[in-house]
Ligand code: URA
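Starting off, we have a lone chain in the form predicted alone, written out as structure tokens.
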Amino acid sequence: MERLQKVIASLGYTSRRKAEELIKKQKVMVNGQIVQELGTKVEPSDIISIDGKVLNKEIKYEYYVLNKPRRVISSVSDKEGRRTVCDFVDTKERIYPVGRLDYDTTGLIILTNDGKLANHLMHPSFEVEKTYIAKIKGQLTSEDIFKLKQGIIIDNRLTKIKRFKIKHKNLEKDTSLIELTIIEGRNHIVKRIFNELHHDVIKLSRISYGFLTLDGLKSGEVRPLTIKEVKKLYNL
């Protein structure tokens, strides 16, 4: 038996956190009975429904990698009618992004309806590496470099920087190009790291997620993951 919110997420309906919210709002039923407790466990044979719709347990899992352009929302839908990452994939399945990139951040994002893999990749304990290229205002000082090596305290929590290097300096425009690898998944985390160092982020792009890269993908292009790549993601 498994917790109800975990099963809902694994079936690709929504994230585990949002599944918990649905349970609290009494929108989830198991075998025709409204569930009111988050700790409820279910068996494989149980019939789960949300807002009267029975969840499909015969779901076909799909996996994609997208080179996200700027001004695109990392969500399934947007109340303001802005374009979302899911709009780039031609599928009938209900896919969603693994984690998120900011509206003005570009680069690699994974899309799937496999809730188990999504939770696996986003869980902090697995320490999946994500690499970014940040164009920042100013130049890194020796003190900045020391702080990056030691880790940055954000919200009373140490944010570890696995690796970083200065890719380019533009002294005339007073900007720098920094490559940064982290295992964090908190919102705006890269921007917040540089904010702690008093450098504004002008542009930001994620160039890799684990072993996945943007090789061969132009901005706005998407491709399905291979079976070998999916297995490799599960093994991260």
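The shown structure was predicted, so the numbers you read here are calculated from the model rather than taken from an experiment. The numbering used is simple: start at 1 and walk along the sequence shown.
Although it is not shown, the form predicted in complex with ligand URA is what the next lines describe.
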query: The single option of K191, K203, R70, K169 touching ligand URA in the predicted bound form, heavy atom within 4.5 Å; finding: K191
query: Among 152 to 160, 79 to 87, 97 to 105, 114 to 122, the region lying within 4.5 Å of ligand URA in the predicted bound form by heavy atom distance; finding: 97 to 105
query: Stretch 140 to 167: residues contacting ligand URA in the predicted bound form, 4.5 Å heavy atom cut-off; finding: none
